[in-house]
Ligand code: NAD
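A lone chain, given as structure tokens: the form predicted on its own.
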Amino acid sequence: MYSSYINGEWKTTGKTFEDFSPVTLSNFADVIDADAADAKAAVEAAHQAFPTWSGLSADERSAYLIKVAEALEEMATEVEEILINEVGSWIGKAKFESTTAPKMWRTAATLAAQVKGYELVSPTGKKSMVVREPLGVVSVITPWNVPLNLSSRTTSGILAVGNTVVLKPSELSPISGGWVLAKAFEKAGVPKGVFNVLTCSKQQVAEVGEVITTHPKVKAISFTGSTKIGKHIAGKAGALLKKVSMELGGKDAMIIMEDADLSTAVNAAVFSSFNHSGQVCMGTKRIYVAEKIADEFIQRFTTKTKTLQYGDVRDFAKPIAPLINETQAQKVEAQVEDAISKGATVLAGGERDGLYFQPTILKDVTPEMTTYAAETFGPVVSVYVYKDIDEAIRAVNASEFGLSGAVITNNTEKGYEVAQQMESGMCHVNDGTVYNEILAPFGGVKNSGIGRYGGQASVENFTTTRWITVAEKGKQFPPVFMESN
């Protein structure tokens, strides 16, 4: 039985919900269904644990986070099986998560000692200090697609700087996105209440979410997911003056310049478009290729895409994973059918087999087609041919999204200039849109989010700045306000 983890204890009674597997098309596990009362208990536990956790030295918090990393390393094989079964991860992606998540915790352990303040020169001779302090209880809501890494990326930095956490993983990945980390915290002996996990069904999301986003003892909210839900949460948080950090949707673009190395371009496009079947926020969904090289790039890109296989996620040679569920498969299918009905050309793929959707390349996509502007959380990419680089940049920036971007060129100086002009939180020259480093500031602009995660960005994002002064002697106030001698 998998369950919520509240104040260092596992919830063992109550209703359960089924955790569907897109691989077996059946129930993978029964999970305890948390409710509003559980959510309140988790917030209270985190609130009670905050003074002790934030009061530990940086070395002491670091030691606990390293133990969490060690526990995750010990659980690697089990974690990979969970990732495969629960969210349909291809074996390569499952191994990537099982090895990267511990690194995130080890790196976060170094952040505990990087909460920096500074001293001001006071015109009155006081000791004047600007300090950074943890916020308190932070609610974290994470998605299902890369569940262990995204939960680790967010919570590790938050905890390192002294906050406590209430984590609600997606109802589609309660085990890999929540239970796994709770188990690691239990093994690591982290004090009770520091890290709490709420596993709940889709039916309970509204009431659990209401508690962890509006509770007065919650000081900040971190959300990773859809733009629609993110805006809803941000609106509530704003009304309550709570700090928010959000990584939302994407319609990420790659620009391939006319001097690009075509092997680099094809490889980056294939990986970034179809890794985890396009169920990645940073996934390439729009490719703009210079007219001079368009025919050859499209031919090579199409040829390679048609070699990608699906069917057994445990086979390294079959990297195309199933979509998470029938609802998502229908959404992807509907976008492709809409595009075809309105004149788009299918260069590769275009059909689905159960929850598997063929890697799909579309051409002649126009604004009246849904897939032109809407996020497509599946293995579908549109290719556009441009004549002038300024034209391509304008097209890229016309999107309401701005998470990640890529530029492929042999002229790296020019590539840097183009990257600077692209409206995205991140951009990579001669790489795909799907790229991250643990210490890098990860996040988007426009409808792709607000705030940054990773390294010093997490330190700044999840602490508050205070100004403290110390006067060696009593201050001299206007005489009328002072006692007579």
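For clarity, every value in this text was computed on a predicted model and none was experimentally measured. Position 1 is the first residue in the sequence shown; the rest follow in order.
Omitted here: the form predicted in complex with nicotinamide-adenine-dinucleotide (NAD). The next part is about that form.
Only one of 387 to 395, 229 to 237, 313 to 321, 295 to 303 lies within 4.5 Å of nicotinamide-adenine-dinucleotide (NAD) in the predicted bound form by heavy atoms, and it is 229 to 237.
A residue is said to contact a partner when one of its heavy atoms sits within 4.5 Å of a partner heavy atom; residue 274 fails this definition for nicotinamide-adenine-dinucleotide (NAD) in the predicted bound form, lying far away. Contact between residue 206 and nicotinamide-adenine-dinucleotide (NAD) in the predicted bound form is found at the 4.5 Å heavy atom cutoff. Using a 4.5 angstroms limit between non-hydrogen atoms, residue 170 touches nicotinamide-adenine-dinucleotide (NAD) in the predicted bound form. Though the partner is left out of this view, residue 268 does not reach within 4.5 Å of nicotinamide-adenine-dinucleotide (NAD) in the predicted bound form, counting heavy atoms only. Of the candidates 144, 96, 288, 356, 144 is the one whose heavy atoms come within 4.5 Å of nicotinamide-adenine-dinucleotide (NAD) in the predicted bound form; the others do not.
Of the listed positions (403, 82, 165, 72), a single one reaches within 4.5 angstroms of nicotinamide-adenine-dinucleotide (NAD) by any non-hydrogen atom in the predicted bound form, namely 403. Contacts between 28 to 60 and nicotinamide-adenine-dinucleotide (NAD), taken as any heavy atom within 4.5 Å in the predicted bound form, involve no residue at all.
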